[in-house]
Structures are given as structure tokens and as C-alpha cells.
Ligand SMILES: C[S@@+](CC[C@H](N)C(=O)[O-])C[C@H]1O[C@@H](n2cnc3c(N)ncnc32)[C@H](O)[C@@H]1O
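One chain is shown next in C-alpha cells, namely the form predicted on its own.
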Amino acid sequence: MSDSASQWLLEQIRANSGLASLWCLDEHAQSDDLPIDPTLNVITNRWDQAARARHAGLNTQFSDFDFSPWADASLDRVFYRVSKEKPVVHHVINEAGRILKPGGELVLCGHKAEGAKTYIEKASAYLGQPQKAKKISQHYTARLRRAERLSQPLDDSDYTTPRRIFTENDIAFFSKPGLFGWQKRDKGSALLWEVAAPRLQCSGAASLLDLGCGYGYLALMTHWLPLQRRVLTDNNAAALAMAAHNAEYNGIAAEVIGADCGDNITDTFDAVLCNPPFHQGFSVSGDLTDRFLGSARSHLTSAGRAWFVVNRFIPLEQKARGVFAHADVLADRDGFKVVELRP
């Protein structure tokens, strides 16, 4: 199902070519019909979106919304459909104000339930020219001009700074805004580790893939196991940055690789750990379920094992039996279940 706010923004981008512009692109845009405009730059925190934009010939930067390549007051327009996380939205709006020329436009949109109207009001006050949002169907839009002087920037929760959130088994874990559930230890991952750890130890695995690694909790908890190789992969730039930070800080040898569901990793592994992003639409009927299961299978050795944790209402084991020879529920409690998969 197409996102009406994203479609509106895409129409604005197509209708306003020829000026130095930047498209801030995240998970919302799904259309493969991207604009072809040599003056349009793209910044995205999603590996899959970066691949699509590059394939379309757009000048693309994949990062955790690091706007440092653009100088102050250097762009005519910034296009942005608001993201899901408030600190991300505030960070992007603040940086958009910095890099826009006086008189430049921030073209902003999003849905009512996402707080788009409030974001537009805040952004217009920050840019120095207060303006009301315009409602179109179920989404709000605005074309906001930057004044000569910016007002007080929005509170972005110190977006760019990692902060220590907990320590477990002598491993310090850092996280930051921009990650789902970034301020806590994920209950599903904790259950997966509790159940899978003794089995992983007994398996004699020499290599491990953390598929959808987040800030690296699962893979880095294996620090005491004699693994010869740990690979952590995610689609989100903030996750990759924090996973790399945590591995380096704790002195744990690990490879952190950007990929969409592990799609550009060709090696196989003795073990796969996975807490898939069911909070972003993971469902038994959707192709995301099939993609994570298919990726786990293609990345396992013939004698390998994969351990997944999902919400208990997702019948993952039923889907998995079309991909794996064995799919067994090892634990079912606290709203989660852990499933072991074997070829």
C-alpha cells in the first residue's frame, strides 16, 4: 500500500528540479519510480533505500543522517517526509535549517497520527517564518521558507551522541536515538540469548551471523565463546554505527556490514541469531517474514542452526517449515517465543 505523504513529496521533488536540493529519505518511500535529477542529492539512513537511489543514478549518501558534507546555507531546497522517531525528525529539521540558504525551502510532510502538524509548526518557528500546515486528505504538508536568522533549534535528544544504557556480563552496551527501543535491553533479545546460549555453546559453531543486529546485543553476548568469526548486519545506519561502536569499545572482534536482510553477504555460517523487526510490520502473511527466513536458510551451513525470537502470535514455525526441515519452539513466555531452525 502506497504512502500518500510520500507520494505527495515525490510529486514536489519532480515538479521542482533544477535547484540544489537534498532529499532526506527513510523507510517510508517505497516507489521504484524515483526522479532522475542530477541536481538532487539523497541522504538516507536505510541501506535498501540507498541501493535504490544509487540504481536510479542519484547522488546518494548512506549515513545516520550525517549532514556534514553540506556546508551552511548551501542548498535551495530540502525535502523530508517525517520519520517515525521524534529525535530523528528534530535532528533532520535542525540540519535542514543549517544547510538551507536564506529564502530556501524545507518541503515537509507526514500523517496526522505521526505528529506532522506539530512538526511543521515547530519547523516553521525554527526557520523564522511561522506558517500553518496544510491538510491534504490524511496528511499534512508545508513549504517552509528559511529566514535570514534561525530561531532556537528543536530538542533532538543529543542525537549524534552514543550513551551507555546497560552492562551485562562485563559488556557495556551503548545506544542512541534513531534506533527502535534504543534506551533499553530488548526483552525478546534477552529471551533469545537465554535460550540459545547453551545450545550455541554445545553446537561447536565457529562462525555466527547476527541478522538484523540492532546495536549488537546478541552477537556481542557471545564474546566468551570460541567463535572464529562474528558478522553483524542491519539495514539501519544508526544500528550499524552502534554495533561497531560497541564491538570496538568492548574489544570484541566483529565485522559490521550494511545489508538489506543480509542480501549482499555471500558467506555461510554455523549459527544465525535473529530478532526480526516485527514492530515495523513483520507479519506471517507479509514477504518480510519470507525474506528473513530465506536469508537465514541461505546463510546457514548444511549442519548449521538458526534461532529466532518473535512475538508469540506470529506463527513463524509454520512458515519456516516450508524453508527448513526442522522448526521447533523452544520457549514461549512473556509475549515472545524462541524458535530453533535446522536445514
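Heads up: residue numbers just count along the shown sequence, starting at 1. All of these numbers come straight from a predicted model, not from anything done at the bench.
Below, we turn to the form predicted together with the ligand, even though it does not appear here.
Peer 1: Based on heavy atom distances of at most 4.5 Å to the ligand in the predicted bound form, which listed stretch, 228-236, 116-124, 76-84, 145-153, is the contact stretch?
Peer 2: Going through the listed ranges, the match is 228-236.
Peer 1: Identify which of 41, 49, 275, 289 has a heavy atom within 4.5 Å of the ligand in the predicted bound form; exactly one of them does.
Peer 2: Comparing distances to the ligand in the predicted bound form, the residue within 4.5 Å is 275.
Peer 1: Residue-level question: is residue 186 within 4.5 Å of the ligand in the predicted bound form, judged on heavy atoms?
Peer 2: Residue 186: contacts the ligand in the predicted bound form.
Peer 1: In the predicted bound form, does residue 269 come within 4.5 Å of the ligand, counting heavy atoms only?
Peer 2: No, residue 269 sits far enough from the ligand in the predicted bound form that none of its heavy atoms falls within 4.5 Å.
Peer 1: Just to confirm, residue 212 within 4.5 Å of the ligand in the predicted bound form by heavy atoms?
Peer 2: Answer yes; at least one heavy atom of residue 212 falls within 4.5 Å of the ligand in the predicted bound form.
Peer 1: Although the ligand is absent from this view, report whether residue 218 comes within 4.5 Å of it in the predicted bound form, heavy atoms only.
Peer 2: Result yes; residue 218 sits at the interface with the ligand in the predicted bound form.
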